[in-house]
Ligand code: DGJ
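Only one chain is given next, in structure tokens, and it is the form predicted on its own.
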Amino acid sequence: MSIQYDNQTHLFSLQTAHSLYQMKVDSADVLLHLYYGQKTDEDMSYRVRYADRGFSGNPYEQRRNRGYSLDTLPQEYSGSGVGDYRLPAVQAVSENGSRSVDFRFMDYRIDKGRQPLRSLPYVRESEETETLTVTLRDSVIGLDAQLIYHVYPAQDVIVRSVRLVNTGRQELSVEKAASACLDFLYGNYDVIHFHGRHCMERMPERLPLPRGTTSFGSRRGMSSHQSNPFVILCDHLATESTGDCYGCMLMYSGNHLEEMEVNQTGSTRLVSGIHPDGFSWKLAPGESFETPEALLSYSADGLNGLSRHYHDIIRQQVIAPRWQQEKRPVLINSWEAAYFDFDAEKILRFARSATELGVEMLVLDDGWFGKRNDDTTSLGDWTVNEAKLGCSMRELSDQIHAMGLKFGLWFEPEMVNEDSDLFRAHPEWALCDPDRKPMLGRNQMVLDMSRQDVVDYLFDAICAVLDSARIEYIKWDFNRSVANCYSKALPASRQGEVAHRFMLGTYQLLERVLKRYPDLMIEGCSGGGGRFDAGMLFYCPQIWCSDDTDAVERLEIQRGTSYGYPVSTMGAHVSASPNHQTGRTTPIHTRGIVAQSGTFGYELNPALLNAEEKEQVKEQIRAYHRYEHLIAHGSYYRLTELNAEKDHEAWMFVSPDRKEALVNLVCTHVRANGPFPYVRLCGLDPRKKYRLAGSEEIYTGAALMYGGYAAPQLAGDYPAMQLHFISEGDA
């Protein structure tokens, strides 16, 4: 059993392969958080000490015990307004205006397996999954918080969510509903968060947590380019391979907030969930609200160890089973090759050239529908522009399939242009405040996905296109942040629900499309990586990592993404040189090595490649097929430390049986008479001998991990190398 409860001590213990999560009901029926860390059989109650802290008040029943204060005790899920002055996990308003929430333990339940969330993405159950549900209650206002814990022992992950239930007789307004609250009694931590911008997403920044509150989040109606819903707390001395690291990843694609507070006694609280700004959810008697899931993990083996926990849980329990083992086709996308300037014959020329190189899928990007020749028109009008193509979509698809290629299409379902038949017919379907002109982004408005009629229209429109031709793939884009978040279908008192209902509508649409077309692959996109999160990965086995296709920039983007997400989910393509975003010139060999650490493809016009480049592309595709089992399913290690001064970036993949390894190295700064690029490998079997493919060099795993490998000096602009080590048995 991975979940245990001691009736005598009221102690809950949740165990994974290498971690213990422990909490306890105390004498005042407060659920205290005791410990999260390395696995042990100990009762960790001794860690909680009581002292009279000035200006930290006492619950009424503990009024003679000045050492007992909700303000200083480690709580499992904090209320608000009743003496805990730290970050609240929940806030609610009663009909009389009271804002106090005081949760006390009521009961618990342990179950084998798990139930899916009703309307949100979730972590799919494994054979080992067990579920603990602990019910806390505020009996005065009639609000229950059902704390739900799903334990995934093999992946070292505990998934938390909360179901708030109105058990009283009055309507409640929930103003904040966090998915997870985690108190650390002791220790000084760094926080690593992942900031960014369009074309430079998920940049890791490591900061020592100061006293007071630190927060990161998004109010943009999406998880965003600017702040990913994933944070890491780690020991000050933690490295890629050593030290205590804790992760919290919110499985949600909308507004989110990650808050950390170091209080007066030095303890740290982490709270993660839907962003409360602008959020308000009405709960009538008997109604409930479920929060998104938060994936928690602990590693004693540094940041690489923590990353592998998240990679495993996402590959094995988040990605749909249909795609977990499926080899992804090498695709070519038309966007940077043609933008809006194409017809069927031009696309077919791309296809012919791509087929000769070994490409397996062609994706027709923006511009095939309505009257779309630029970004000012036709979003929402999902009908094929046969006049522009010069043929029907079926005819185009059939010709592409006749060449041996699969075929994909770009959609942006949640958006609409003012210049569109849809907006002219239904202006009320766009999010917009009454009597106010909308804020536009990329000349487009946002459809009100909280409306069922909008979701139904989009489902019918998308299905009509998918039924008209043989289409195996959709690129699902989302090219602006949400503003004017007002729904004309809801009363004024419920406008605080629109942003979350928007996400529920998007998730519903994705669910319905995939239920009807179970073999359809959807690649998520939001101006590149603006919605790269575990929520979208539930529906989309891969996400376009960034609109920045520059290989040198991608080193940083893909590294930052790798802290929480496996490379098998990262859309990564070889693009033209000079690069369209930066103007940088990079060797096609280097571009190939970087793009191979993802779902490999091309973002260029293959007809413009010279003979030498075409041969290199053919070899890149052969190499990707040769190493795909390592890249998609192997253990991933970053070989260079975050923030370290270095002239190269290096990373590697190791097969599950540790018999193969693929090492990638890109020199970002070549120096005259410089040092040899040097890396220590990870994850090998120290007792085995490994041959460097294509050479007579043989090393033990111990030598490569402890002594490291010095690559030869490389010359030129951004040179790169790829090393394949194969085991030849025990040393």
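A residue's number is simply how far along the shown sequence it sits, counting from 1. The structure presented is a predicted model; accordingly, all values stated were derived computationally and were not measured.
Not pictured, yet referred to below: the form predicted in complex with this ligand.
A heavy atom within 4.5 Å of this ligand in the model of the complex is found for exactly one of 290, 660, 259, 547: 547. Among 153, 592, 527, 276, the residue placing a heavy atom within 4.5 Å of this ligand in the model of the complex is 527. Of the candidate stretches 361-369, 179-187, 451-459, 647-655, only 361-369 contains residues with a heavy atom within 4.5 Å of this ligand in the model of the complex. In the model of the complex, none of the heavy atoms of residue 472 sits within 4.5 Å of a heavy atom of this ligand. The closest non-hydrogen atom of residue 477 lies within 4.5 Å of this ligand in the model of the complex.
Taking non-hydrogen atoms only, residue 105 never approaches this ligand to within 4.5 angstroms in the model of the complex.
For the chain shown alone, residue 282 is not a contact residue for this ligand in the model of the complex, no non-hydrogen atom being within 4.5 angstroms.
Along 19-42, no residue reaches a heavy atom to within 4.5 Å of this ligand in the model of the complex.
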